[in-house]
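Shown here is one chain on its own, the form predicted on its own, set out as structure tokens.
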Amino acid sequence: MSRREYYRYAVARIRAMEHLLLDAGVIQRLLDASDLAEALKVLGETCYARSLAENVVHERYDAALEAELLSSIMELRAFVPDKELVDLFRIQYDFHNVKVILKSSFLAKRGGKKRWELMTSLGTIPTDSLIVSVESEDYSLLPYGLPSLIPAALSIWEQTGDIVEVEKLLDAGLFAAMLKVAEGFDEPGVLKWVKARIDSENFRNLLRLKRFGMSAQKAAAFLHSGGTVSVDTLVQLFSEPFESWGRALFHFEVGGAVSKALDERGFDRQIAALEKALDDYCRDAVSLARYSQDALENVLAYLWGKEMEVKNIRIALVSKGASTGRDETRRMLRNGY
């Protein structure tokens, strides 16, 4: 049997799980809630009820959202033929945890407090094991190139004390690891999603760095290779006014997302619109897989849809705590699965 034939059962299971995703009506009820307590009550009527019950304090709703996302990840991992495909989605959280551990180590040396509460359970490496490996300097069993990346990050910190340089190194390592895993599947759709993730990070960086008035030469160091738009093209684009970016990117799929964001007035609104448009661009990279009964991208499409659902819930709940207007909040919501 071919690999895709093995995925027919997995895709059928994913279709059965789709009814657990929240529909637009539930998100609208969250937006219409009078305050955070009422919004959490609405959420308690959904599949998030159990996770909320285990994290009853309102301020801990983030823990409930993470628990629900982890539950979906582990459910898929139980029946997807290639566990590495689910883990491809989770690598980003491993690198997040490495950043937290290293920053905590740097803070502790200056008399600060370690921030283990900022770590997430969504990665592939158990958090306790990762802490022990880093603190004992025993990296040999860590995946994704971390045995060489962590010492390099520590060296950068010892020489420069520049946390931005440390993050740049780890971000480059993250995307290199994701590309390596994706290429191992020899499936264009899987690789397309990773390239979309790289495009998204690059354009987020471009717009922020443009705001800070950084030179094109310095901005190049914050860009990652492997996306659909080359680093050279991005550097050339950086020197051009925002208004011309859409035309310059006409032949790239990501160009539509960028153009949509730059139509907004005011830099803050452009940033918010770009965040949303790029998340939707990543969704679109695998959305057509839903018409296939054996495409591997169905796994990534569902996981991305669930993550965007969690992000939308978080946006709605934060807006209640901050008394943000409904129209402004609705503009930030990502398109659903």
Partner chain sequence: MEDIITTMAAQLGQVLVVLGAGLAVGIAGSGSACGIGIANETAAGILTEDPKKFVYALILLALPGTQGIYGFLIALLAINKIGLLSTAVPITIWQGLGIFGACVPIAIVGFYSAIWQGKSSAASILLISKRPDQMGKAVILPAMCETYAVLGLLMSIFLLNGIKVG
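Numbering follows the first chain given and starts at 1. Treat the numbers as computed from the prediction; the structure is a model and nothing was measured.
Same protein, other form: the form predicted together with the partner chain, not shown, and the subject of what follows.
- Only one of the listed residues (R29, R290, K311, K276) places a non-hydrogen atom within 4.5 angstroms of the partner chain in the predicted bound form, and that residue is R290.
- For a residue to qualify, one of its non-hydrogen atoms must sit within 4.5 Å of the partner chain in the predicted bound form; all three of R8, A12 and E75 qualify.
- Using a 4.5 angstroms threshold between heavy atoms, E18 counts as touching the partner chain in the predicted bound form.
- Stretch-level contact analysis of 290 to 298, 33 to 41, 267 to 275, 61 to 69 against the partner chain in the predicted bound form, using heavy atoms and a 4.5 Å limit, identifies 290 to 298.
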